[in-house]
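Just one chain is shown here, as structure tokens, and it is the form predicted alone.
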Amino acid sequence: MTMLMQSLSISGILTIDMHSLNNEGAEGNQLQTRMVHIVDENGEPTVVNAISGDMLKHIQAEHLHGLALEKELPLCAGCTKFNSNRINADAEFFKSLGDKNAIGDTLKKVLQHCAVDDLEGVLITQGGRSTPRKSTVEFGWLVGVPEKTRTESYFHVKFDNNRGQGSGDESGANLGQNIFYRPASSGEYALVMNAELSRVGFNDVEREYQITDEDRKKRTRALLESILLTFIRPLGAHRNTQFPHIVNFQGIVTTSTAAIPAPTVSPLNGSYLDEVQKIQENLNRLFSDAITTYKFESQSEFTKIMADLIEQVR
């Protein structure tokens, strides 16, 4: 297999308007958005709106699930139905494992049995086991750039023609007219993420690949495609009425063809593009041009870069 990329990273600014991807709970009829404490590039603590890495990982995993079904990649019973318990919900798989066995042997069978568990990771504890499969893809929080994000709360009504009978229902059923407040956030968000392509199909315990080169190629392409789609269509909460407006995506993709990681620098640092390129220059002095960078100024440029890289996996 020709697949030079060992890892891929993205650092960028994603501009999203009027989204509700980051709610963390409700008080009464008031939905709360998520706010986090960070330190800005000047070393000053501040509070900003943010979308968790869990949400980004869920979006990417849902795209991967669709691609895996379409490409007929092997899936466990849990992942076939996009069950969050993944292979832990596959009773037949655990019957096939038999009695408690070595971690390396269990991991080998997991990698061969399911592409999603291989790429997204899982923790198996059934039968007295403690077998972790670390994810091959990592997302940081999507953090609002200070002074460039805003959140407002908007009044909504579930209108009922029979509202003269009063609001709500004492039984707790979703009946009658209800009012509620829902947040909408807009702004520029800093993104960092990384994909360890060299670990696709790799048994971290036995230190060897457990699937064929052809299967590694198929899974690697599906993983990269799912990352690309994450920034084309962000799945998540309240999209039926608050489908996010993606205004722009700009940043830098880095790839590594050696064991050294593809570098990232948080866009919360206003000089992150220059920093990434200087890191590239320094690392390439030591590792024979192992790092390549690709700047992008829009969603379409990002899409082209990713499509070009995906086509190189052959």
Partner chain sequence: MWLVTTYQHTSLFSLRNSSATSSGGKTNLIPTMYSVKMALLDAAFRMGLDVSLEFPWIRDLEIRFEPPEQAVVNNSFIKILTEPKDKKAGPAFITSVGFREFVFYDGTLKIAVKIENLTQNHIDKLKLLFFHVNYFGKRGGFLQPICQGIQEYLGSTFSYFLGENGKFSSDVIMQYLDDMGPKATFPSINTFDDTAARIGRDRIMKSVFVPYHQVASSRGYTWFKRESSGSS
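Think of the rigid core as the biggest set of C-alphas that the two forms share within 1.5 Å after superposition. Residue numbers count along the first chain shown, from 1. On a predicted model such as this, the values are computed, not experimentally measured, just so you know.
In what follows, reference is made to the form predicted together with the partner chain, a form of this protein that is not presented.
Problem - Sole residue of Leu224, Val145, Leu107, Leu75 within 4.5 Å of the partner chain in the predicted bound form, by heavy atom - result: Of the listed residues, the single hit is Leu107.
Handout entry: Listed residue (Gln210, Thr151, Asn101, Thr80) with a non-hydrogen atom within 4.5 angstroms of the partner chain in the predicted bound form
Key = Of the listed residues, the single hit is Asn101.
Practice task
From the candidate stretches 226 to 234, 213 to 221, 109 to 117, 128 to 136, select the single one in contact with the partner chain in the predicted bound form, where contact means a heavy atom within 4.5 Å.
Solution key: Within 4.5 Å of the partner lies stretch 128 to 136.
Problem - is_contact(Pro263, the partner chain) in the predicted bound form, heavy atom dist at most 4.5 Å - result: Yes, Pro263 is a contact residue.
Handout entry: Residue contact check: Asp54 to the partner chain in the predicted bound form, 4.5 Å heavy atom
Key = Asp54: yes, in contact with the partner chain in the predicted bound form.
Problem - Non-hydrogen atom contact Ile38 with the partner chain in the predicted bound form at 4.5 angstroms - result: Output for Ile38 is yes: heavy atoms within 4.5 Å of the partner chain.
Exercise for the section: Using the partner position in the predicted bound form, report whether Glu188 sits within 4.5 Å of the partner chain, counting heavy atoms only. Expected result: Glu188 lies outside the contact set for the partner chain.
Handout entry: Contacts with the partner chain in the predicted bound form, stretch 265 to 280 (heavy atom within 4.5 Å)
Key = The stretch 265 to 280, when checked against the partner chain in the predicted bound form, contributes Val265, Ser266, Leu268, Glu275, Ile279 at the 4.5 Å heavy-atom cut-off.
Exercise for the section: Kindly check if the Cα atom of Glu44 is displaced 2 angstroms or more between the shown form and the other one relative to the superposed rigid core. Expected result: Yes, the C-alpha position differs by at least 2 Å between the shown form and the other one.
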